[in-house]
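Before any questions on how it binds or moves, here is one chain, the form predicted alone, in structure tokens.
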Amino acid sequence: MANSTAPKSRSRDLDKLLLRPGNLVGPNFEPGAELRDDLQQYARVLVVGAGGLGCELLKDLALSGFRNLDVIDMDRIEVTNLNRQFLFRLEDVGKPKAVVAAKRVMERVSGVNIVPHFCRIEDKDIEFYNDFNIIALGLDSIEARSYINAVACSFLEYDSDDNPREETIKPMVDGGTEGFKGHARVIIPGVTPCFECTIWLFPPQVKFPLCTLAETPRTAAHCIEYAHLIKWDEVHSGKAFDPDNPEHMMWVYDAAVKRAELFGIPGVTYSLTQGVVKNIIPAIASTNAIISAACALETLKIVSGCSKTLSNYLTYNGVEGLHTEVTEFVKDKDCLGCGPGVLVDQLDTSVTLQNFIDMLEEHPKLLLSKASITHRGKNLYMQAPPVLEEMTRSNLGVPLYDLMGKVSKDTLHASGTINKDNKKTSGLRKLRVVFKGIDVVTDMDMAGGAYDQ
């Protein structure tokens, strides 16, 4: 009787996927204990975001056999997080999400090692992201997704026939939730559509006319946006509003309450203030769990080849019953993110690095200002930090042709501020640079390539 009631092995279900063949396995799948052991020993997964979806992802990946995980998040724990971000407790309020989430999962799942990174995703060098086999996204903003997408696509190389080189592909699994709705998607740069290929999937954010906010507010959201967009600047002239600063958010809440009382409008709460200012839609714990499970399974399938991956976008709707649907979107061959790169041709060999940086700001497809430039892992010029800017400043007056090793064409990566639709965001762009009047050197033909791996 003792044996019949003994607890099952934690890897029982995992073994069913990894230790036996199947009809839907990938072409390189070789079942066996070695595969399971290699998955645990060598596979490295980066989880971006440690909020509601990120907490679930860390837990699911740890229980799916992944032993080497990293998590990156810039936020600290707030009381309002506790109803759905299950790894956090009341005593954790004010602590970094990434640090606490990593600690809690390691306490509950033996053998797993999770390295937390409490910082902005832009603070990490690009090569940091190249150390991982796959990147799993649990983000809540379009801007952050665009940045990680650009980073992953920057590693992608194309051969002379414009086919992606398999060894340079950095897969991503992206999840997102909005209330009772969610999505899970697989992004294989160069093969499936990347985030930028399908940016049109995201609806435009709701914006209120300033005249309505200032003169005829009708809803609690109007009062909050008045305090956020108009009153803050009137009182704090020249001081930027920080949505992640609790004192700033409380000031907006207090100002919105006074505005609402003046016009007899009910419903202004601190939670709603956060939601309006940060464009947050209330999260549901069960939705996070469902989408995380789909993302964790796709991550396992990509790394092990134990089954065909999702093709390539799953939507979930739990508003009325349970409904899931899979849609196969098509890759945009001219995509700025996962394509061979933006062509900057007919460059004169005398063009200096400073001239080139200035050109990027005027380029109609790029509109990239304050650009930092790298070539095959070498920093040609870095805008920040100050120590790197000083070290690379002397390159600004040197011809770009010389800095690139006097090849006829090659690939650069430029990171900086993208100015589009009167909105500034951080961005990374791959550039195919071609110099005029230079004989093509076939063995250096790396147009559309990335760093040496």
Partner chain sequence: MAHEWAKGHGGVLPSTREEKRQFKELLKSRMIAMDEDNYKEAIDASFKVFAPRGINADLQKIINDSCTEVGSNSSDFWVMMAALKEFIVNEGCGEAPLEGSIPDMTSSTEHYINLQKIYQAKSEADFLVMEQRVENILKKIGRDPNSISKATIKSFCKNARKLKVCRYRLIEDEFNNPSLPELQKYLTDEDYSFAMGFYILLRAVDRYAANFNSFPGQFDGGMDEDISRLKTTAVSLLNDLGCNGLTLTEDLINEMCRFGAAELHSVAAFVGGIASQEVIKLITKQFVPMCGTYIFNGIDHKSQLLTLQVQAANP
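Being a predicted model, the structure only gives us computed values, none of them experimental. Heads up, when I say rigid core I mean the largest set of C-alphas that superpose within 1.5 Å between the two forms. Numbering follows the first chain given and starts at 1.
The same protein has a further form, the form predicted in complex with its partner chain, not shown here; the description that follows concerns it.
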Want to guess which of 75-83, 227-235, 147-155, 260-268 is within 4.5 Å of its partner chain in the predicted bound form, heavy atoms only?
260-268
Using a 4.5 angstroms cut-off on non-hydrogen atoms, would P116 count as touching its partner chain in the predicted bound form?
no
Quick one: is K378 in contact with its partner chain in the predicted bound form, heavy atoms, 4.5 Å cut-off?
no
Does the 4.5 Å heavy atom contact test between S160 and its partner chain in the predicted bound form come out positive?
no
Please run the contact check for L63 against its partner chain in the predicted bound form: heavy atoms, 4.5 angstroms, yes or no?
yes
Just to be sure I understand the contacts: of M250, A240, V319, L210, which is the one whose heavy atoms reach within 4.5 angstroms of its partner chain in the predicted bound form?
V319
Of I290, L347, L360, I121, which residue is found within 4.5 angstroms of its partner chain in the predicted bound form when only non-hydrogen atoms are counted?
I290
Scan 15-31 and note down the residues that get a heavy atom within 4.5 Å of its partner chain in the predicted bound form; none is a fine answer too.
K16, L17, R20, P21, G22, N23, L24, V25, F29
Has the Cα of D131 moved 2 Å or more between the shown form and the other one, judged after a core fit?
no
Did E261 shift 2 Å or more between the shown form and the other one, C-alpha, core superposed
yes
